[in-house]
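Quick heads-up: it's one chain on its own, the form predicted alone, in structure tokens.
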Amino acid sequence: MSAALGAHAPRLRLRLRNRGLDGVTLLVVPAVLFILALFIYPFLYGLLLSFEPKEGGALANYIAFFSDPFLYDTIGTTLLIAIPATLLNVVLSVPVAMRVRLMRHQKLLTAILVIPITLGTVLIAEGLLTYLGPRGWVNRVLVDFGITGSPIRLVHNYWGVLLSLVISGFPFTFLLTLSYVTGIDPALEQAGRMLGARSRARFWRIILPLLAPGLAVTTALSFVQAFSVFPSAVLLGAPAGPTRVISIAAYQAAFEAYDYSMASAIAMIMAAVQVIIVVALLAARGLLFRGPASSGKG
């Protein structure tokens, strides 16, 4: 009996291994439990809570949101901030990454460029208030040298929030772009140079098509980060006016009106907009290049 069980056990382990269930696979169990506990469960709870309004039917919160311009206009306001910030970060990251990959002290420069990640949005906002405020260093220089007659308003408006998102989001976008750029085999660009292609032609015909799938993912992640803007919109913007983003509407519903059901509905709408944009970006990444996402360097 024991001999039969001993012979059956290796066969069972072999069958499980062939199906991808082995000891190594079990290592992902803690990560799966972590995701279920901190992401999936809160999302499902918030989704169900959004259909339990204080008054009215199950869709009352969503109807109220899209019936009130003061609420649904926050979607356009957030997109008006997040999209330019995302595009600026992606466009700026490409030439910087192209240049950094050829430098000898790449690690040192990369470390300097990613310092804003360690600062956090609140500290960045405080720094911008110090430098760009009415009595900040920038305005002092402009006024003292006669460039402007009076201080320029650079904070507590749209531009202050946009600049904060660029500063805080660029290191993240740059790191992702650099990882894709360094994965492109230099031999491909050298072959184009040998065939007489100029630098601009090599970029548009070789580098960019290979980089397109990675840039689509980078743009999607950068957009999600920018669309969830909150501290910058409060500290550097006008939260009751031009920079009243959708996250502020959710915060006010939850902690000022104490309507957690409405706040959950706004959060679900916020998530839906992000999903639509991300899906559109990922669906469009094959327009420039339909090959593998990596160039196969090395």
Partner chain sequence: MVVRPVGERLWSTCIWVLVGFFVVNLIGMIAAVVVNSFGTRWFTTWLPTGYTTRWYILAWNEFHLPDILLVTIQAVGAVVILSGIIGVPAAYAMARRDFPGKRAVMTLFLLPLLVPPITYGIPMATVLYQAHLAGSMLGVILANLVPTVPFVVLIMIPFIEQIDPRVEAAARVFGARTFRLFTQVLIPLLLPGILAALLLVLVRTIAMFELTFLTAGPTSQTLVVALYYAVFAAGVRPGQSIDAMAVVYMITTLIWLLIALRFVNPTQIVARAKR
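Each form is matched to the other, and the largest set of C-alpha atoms that superpose within 1.5 Å is called the rigid core. Positions refer to the first chain, counted from 1. All of these numbers come straight from a predicted model, not from anything done at the bench.
We do not show the form predicted together with the partner chain, though everything after this point is about it.
Colleague: Does residue 159 reach the partner chain in the predicted bound form if we count a contact as any heavy atom within 4.5 Å?
Modeller: The answer is no: residue 159 has no heavy atom within 4.5 Å of the partner chain.
Colleague: Applying a 4.5 Å heavy atom distance criterion, does residue 72 contact the partner chain in the predicted bound form?
Modeller: Judged by the heavy-atom cut-off of 4.5 Å, residue 72 is well away from the partner chain in the predicted bound form.
Colleague: Is it the case that residue 41, even though its partner is missing from this view, gets within 4.5 Å of the partner chain in the predicted bound form, heavy atoms only?
Modeller: Yes, residue 41 lies within 4.5 Å of the partner chain in the predicted bound form.
Colleague: At the 4.5 Å heavy atom threshold, is residue 51 in contact with the partner chain in the predicted bound form?
Modeller: No, residue 51 is distant from the partner.
Colleague: Candidate spot 84, 215 and 257, all three in 4.5 Å heavy atom range of the partner chain in the predicted bound form?
Modeller: Not a single listed residue reaches the partner chain in the predicted bound form, so no.
Colleague: Taking only heavy atoms into account, state which residues of 82-101 are within 4.5 Å of the partner chain in the predicted bound form, ordered by sequence.
Modeller: Residues within 4.5 Å: 92, 95, 96, 99, 100.
Colleague: Against the rigid core, is the Cα displacement of residue 34 between this form and the one not shown at least 2 Å?
Modeller: Yes: residue 34 shifts by at least 2 Å between this form and the one not shown.
Colleague: For residue 147, is the CA shift between this form and the one not shown at least 2 Å following rigid-core superposition?
Modeller: Yes.
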